[in-house]
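Starting off, we have a lone chain in the form predicted alone, written out as structure tokens.
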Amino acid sequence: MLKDPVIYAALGRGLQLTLVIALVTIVLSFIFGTLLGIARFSKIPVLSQAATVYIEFVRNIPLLLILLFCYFVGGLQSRDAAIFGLTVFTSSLLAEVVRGGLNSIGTGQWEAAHSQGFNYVQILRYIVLPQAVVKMIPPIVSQFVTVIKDSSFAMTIGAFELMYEGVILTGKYWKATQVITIYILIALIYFVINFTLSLLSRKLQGKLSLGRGTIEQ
């Protein structure tokens, strides 16, 4: 069975779509999550409250429900629905990581920057965010790993990602040992990707942090 090139071709196609969904989601959710986190952290009541409502609502409903909504109600193609739904969900989680990172910076630095004539945006841009981002690296990467794993939910709306291709293969290789082998191959692929990402994040954080510590996830 393992000599059959069909298996590797199918898993390769699935992996390609998994990576596309995950990478686009990671980029978009990082951007929107950062903006949401800053909005919730801000002292502007309307902005902060609007961000809080969005974050609390989205992160307390199931990801699968969001995906089904994007696909059936939004009328998006399966790949686009997966990316949109994952971005909406992941942004709300990353926003909380960003808010935690901003809260970890002492008020003394804000006061010192104010005394030097910096405005709110300048303090965020040049003083607070550079320090906060370093502390946020572990929880952010942890969330990115979750995105890669959660991309398997896309199979429920018909996206031929890695997990779905594996399920299709079990129609041809239906014996118990063959099914287990296929699932082990899929597990190994996920493990290699996510473990590599975790190692890179630790290396990056160790290089940048210089003992500044991290925030809680």
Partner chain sequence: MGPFSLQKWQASLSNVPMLIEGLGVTLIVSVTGLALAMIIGVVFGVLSSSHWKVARFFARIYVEFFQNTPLLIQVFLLYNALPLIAPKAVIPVTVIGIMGVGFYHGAYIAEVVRAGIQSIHHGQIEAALSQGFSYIQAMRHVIIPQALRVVLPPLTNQAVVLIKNTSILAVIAGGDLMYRGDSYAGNAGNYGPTYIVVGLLYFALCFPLAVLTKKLEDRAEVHGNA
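Remember, it's a predicted structure, so these values are computed and weren't measured experimentally. What we label the rigid core is the largest C-alpha set whose atoms superpose within 1.5 Å from one form to the other. Numbering follows the first chain given and starts at 1.
Absent from the display: the form predicted in complex with its partner chain. The rest refers to it.
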| item | value |
| --- | --- |
| Sole residue of I38, I26, L169, M155 within 4.5 Å of its partner chain in the predicted bound form, by heavy atom | M155 |
| Its partner chain: the contacting residue among I123, V145, V133, L76 in the predicted bound form [heavy atom, 4.5 Å] | V145 |
| Which of 115-123, 133-141, 95-103, 79-87 sits within 4.5 Å of its partner chain in the predicted bound form, heavy atom basis | 95-103 |
| Contact of N194 with its partner chain in the predicted bound form (heavy atom, 4.5 Å) | yes |
| M163, heavy atom within 4.5 angstroms of its partner chain in the predicted bound form | yes |
| Q49: touches its partner chain in the predicted bound form, heavy atom cutoff 4.5 angstroms | no |
| Residue contact check: F32 to its partner chain in the predicted bound form, 4.5 Å heavy atom | no |
| Residues of 49-68 having any heavy atom within 4.5 Å of its partner chain in the predicted bound form, listed in sequence order | E56, F57, R59, N60, I61, P62, L64, L65, L68 |
| Cα displacement of A9 between the shown form and the other one reaching 2 Å, rigid core superposed | no |
